[in-house]
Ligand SMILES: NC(=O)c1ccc[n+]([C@@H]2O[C@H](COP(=O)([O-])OP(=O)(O)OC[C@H]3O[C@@H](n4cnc5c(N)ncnc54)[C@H](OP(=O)(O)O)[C@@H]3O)[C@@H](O)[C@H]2O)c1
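The chain below stands alone and is given in structure tokens; this is the form predicted alone.
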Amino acid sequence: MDLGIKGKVALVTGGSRGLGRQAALSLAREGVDVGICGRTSETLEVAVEEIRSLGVASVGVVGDVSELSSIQGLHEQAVEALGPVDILVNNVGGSRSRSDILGTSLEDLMGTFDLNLFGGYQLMKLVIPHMQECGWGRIINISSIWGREHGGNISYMSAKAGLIAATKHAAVTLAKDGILVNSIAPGSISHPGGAWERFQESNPEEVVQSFVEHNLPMGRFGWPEPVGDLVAFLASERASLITGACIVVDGGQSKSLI
């Protein structure tokens, strides 16, 4: 299936590993030039070479999306190397706290919002003018099933819920400009260096199996490729009537009916 996005330019945050890396590769296979950002130059270089091997241009920008003062420079470096951004994938996420309201400071709550919402929000603001000028654009925000229902810790759940809400509001605002804005809510996806890989490595086998049996209907953790391919589809002409949606990719894990 030709997704009709060959020659477009994408920027993927947290693109050197995990879901971001897979999103970058899925876009590159469709002929999209892809800029990625990450905090470690070594992993960025490996990912950039992998993307380039698919016959497209790529650049890696070292940067921390939670450092809001660095967002402008990160965007400028990507644009200077590849051109204005047509497709933005806000993938960076995580938590500054692992506790509930009693154990989470306001500082940690704010830091988690910086990481999951505010950095991506600022990047959205930076790429929208070009998209409006072209009458075409795609913004895809990676949230979580814990932004849709109870789960995880209070800071992560709150920030991801905020990302879904911002996605919906922006989508309605920008629909008339030909800019589609959607979010994806992955479940428990395991990948090298990720939280669910660490969970499996740091817990006894019986604990891991109990989690799988009680939470994962497919009997296994998720994997990155379905998320990356959904990113490419949402970026495409084939998804031209989808905006403001939050699409779950979790193998039936979540409990919500909506």
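What you see is a predicted model, and the numbers here were worked out from it, not measured in a lab. When you see a residue number, it is the position in the sequence shown, counting from 1.
Note that the form predicted in complex with the named molecule isn't included here; everything after this is about it.
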With the cut-off set at 4.5 Å between non-hydrogen atoms, does Tyr156 touch the named molecule in the predicted complex? yes
Considering only heavy atoms, tell me if Gly187 and the named molecule come within 4.5 Å of each other in the predicted complex. yes
Is there a non-hydrogen atom of Gly178 within 4.5 angstroms of a non-hydrogen atom of the named molecule in the predicted complex? no
Is there a heavy atom of Ala23 lying 4.5 Å or less from a heavy atom of the named molecule in the predicted complex? no
Answer range among 229-237, 48-56, 190-198, 210-218 for contact with the named molecule, defined in the predicted complex as heavy atoms within 4.5 Å: 190-198
Give a yes or no on whether every one of Gly15, Arg39 and Val92 sits within 4.5 angstroms of the named molecule in the predicted complex by heavy atom. yes
Exactly one of Leu82, Ile128, Leu115, Leu109 comes within 4.5 Å of the named molecule in the predicted complex through a heavy atom, and that residue is Leu115
